[in-house]
Ligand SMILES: Cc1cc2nc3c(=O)[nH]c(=O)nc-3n(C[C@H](O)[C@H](O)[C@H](O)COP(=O)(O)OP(=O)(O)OC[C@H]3O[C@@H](n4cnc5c(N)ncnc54)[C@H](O)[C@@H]3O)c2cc1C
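One chain is shown next in structure tokens, namely the form predicted alone.
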Amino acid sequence: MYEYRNMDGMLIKELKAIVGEDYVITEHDNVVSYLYDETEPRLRPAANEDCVVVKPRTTEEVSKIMALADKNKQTVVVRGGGTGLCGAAIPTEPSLILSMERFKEIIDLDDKNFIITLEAGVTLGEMNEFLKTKDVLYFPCHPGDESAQMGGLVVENAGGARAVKHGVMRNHIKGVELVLPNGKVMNLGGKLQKNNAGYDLLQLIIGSEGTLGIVTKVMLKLYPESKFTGTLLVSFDSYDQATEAATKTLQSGIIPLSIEYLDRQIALRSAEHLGEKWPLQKGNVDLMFILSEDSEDALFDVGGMIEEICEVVGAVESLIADSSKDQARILNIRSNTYTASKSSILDSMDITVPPAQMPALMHGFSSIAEKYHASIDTVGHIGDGNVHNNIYLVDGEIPPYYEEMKEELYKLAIQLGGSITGEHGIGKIRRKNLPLQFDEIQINLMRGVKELFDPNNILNPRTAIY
């Protein structure tokens, strides 16, 4: 058995008394699978393997665990589905890894208030499957991987393709049950449409990356689902035309469910990876408009208006996929662009700027890549100003220009009124870059918030700015 140099045997015994012997994992071979998330291997910090995994089932158990950890000043790192891309769930010092995988209950579907209440370990996919069986309401936000757990989606403020029309997770979270680092339990938010009493602590928890408390239950806002969907693909010769088409579409008052941008080589690589064929042949870059309307007539009207806008800008080819099978096939190719390139990607950045600044951002990307003779391509959510710029390994190694070029890309985004991360988060891989975006006053205020919530600094230290 692995010898835990920094984990007191009595502490492990007390953990077993709280959750049961079967739910405290000390064997090294079993702990290893909890050490990393989906952060690119060349960028992620090395995990400290001197860890123990504990799997509570109730809020009361989490409360007892945290009170015990706080008393012993034992570092705790909370783990959800492990789908994060910023290293926030990677323990970098001897830690108690608190896995939320047993929090699987869907507690209540309140179709009168349009609220679903569920435990933090329920995955996005599990919730969506449940909602399909009810056929009443749906959840519009879709932040990528459906194996992501609700608690993780809350504390990362996850985004995804549908943010153009519906926003990110923050826009749909109505309340949480939270266990503080000292074990105290509190409830934030609720089913109210309006609440103007005091500071909004709920908004501090959303996007806090597991540093302020442990989310055990989540309340989400649901919506009536539009029954008619379609996918419009349009190709252009240049990114200038594509970004202009996206801007003019939004200026016209049309708000698609999603506007996705793909450099053609990315689309082709992903299609080949899946054994599929990308349906467009002309042009160099593509836009994918996902449409959702209340009637078939409205769907075709909106699609026709977007096609006209794109033709004026200079589109060279387009097609409409109105069957669910064709839509799913195209979306699957888009969804696997990262998977298809993962083995050769060093960093899939997620810079965000105001949508109107996308043309300037794309020009800046091109100029900076040319300066360093670097291979960069782009895919992402152009409709909300958030795109993923893939920086590639060179001969399997990190190129010598990587850090300098990355800083230039970040400074470009900030100069355009943007952010160094739109949905992935700071975690442990962007900590040193955060001062590019925030001044000392802002960072010290954030550190002050952390100290109020977690004076012993036991909950996920070395994450974000803390």
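All residue numbers are counted from 1 along the displayed sequence. Just so you know, these numbers come straight off a predicted model, no measurement behind them.
Another form, the form predicted in complex with the named molecule, is not on view; read the next lines as being about it.
Chemist: When you measure heavy atoms, are 181, 458 and 462 every one within 4.5 angstroms of the named molecule in the model of the complex?
Modeler: The answer is no: none of the three residues contacts the partner (heavy atom, 4.5 Å cut-off).
Chemist: State yes or no: in the model of the complex, is some non-hydrogen atom of residue 95 no more than 4.5 angstroms from a non-hydrogen atom of the named molecule?
Modeler: Flag for residue 95 set to no.
Chemist: If you check in the model of the complex, is residue 149 within 4.5 Å of the named molecule, heavy atoms only?
Modeler: Residue 149: contacts the named molecule in the model of the complex.
Chemist: Under a 4.5 Å heavy atom criterion, is residue 251 part of the interface with the named molecule in the model of the complex?
Modeler: No, no contact at 4.5 Å.
Chemist: So, in the model of the complex, is residue 284 in contact with the named molecule at a 4.5 angstroms heavy atom limit?
Modeler: Because no heavy atom of residue 284 falls inside 4.5 Å of the named molecule in the model of the complex, the answer is no.
Chemist: At 4.5 Å between heavy atoms, only one of the stretches 187-195, 225-233, 313-321, 81-89 reaches the named molecule in the model of the complex; which one is it?
Modeler: Only one stretch passes the 4.5 Å heavy-atom test: 81-89.
Chemist: Between 259, 306, 155, 358, only one gets a heavy atom within 4.5 angstroms of the named molecule in the model of the complex; which residue is that?
Modeler: It is 155 that has a heavy atom within 4.5 Å of the partner.
Chemist: Just give me the single entry in 176, 242, 120, 163 that has a non-hydrogen atom within 4.5 angstroms of the named molecule in the model of the complex.
Modeler: After the contact test, the surviving option is 120.
Chemist: Just give me the residues of 119-145, first to last, that have a heavy atom within 4.5 Å of the named molecule in the model of the complex.
Modeler: Heavy-atom contacts within 4.5 Å come from 120, 143, 144, 145.
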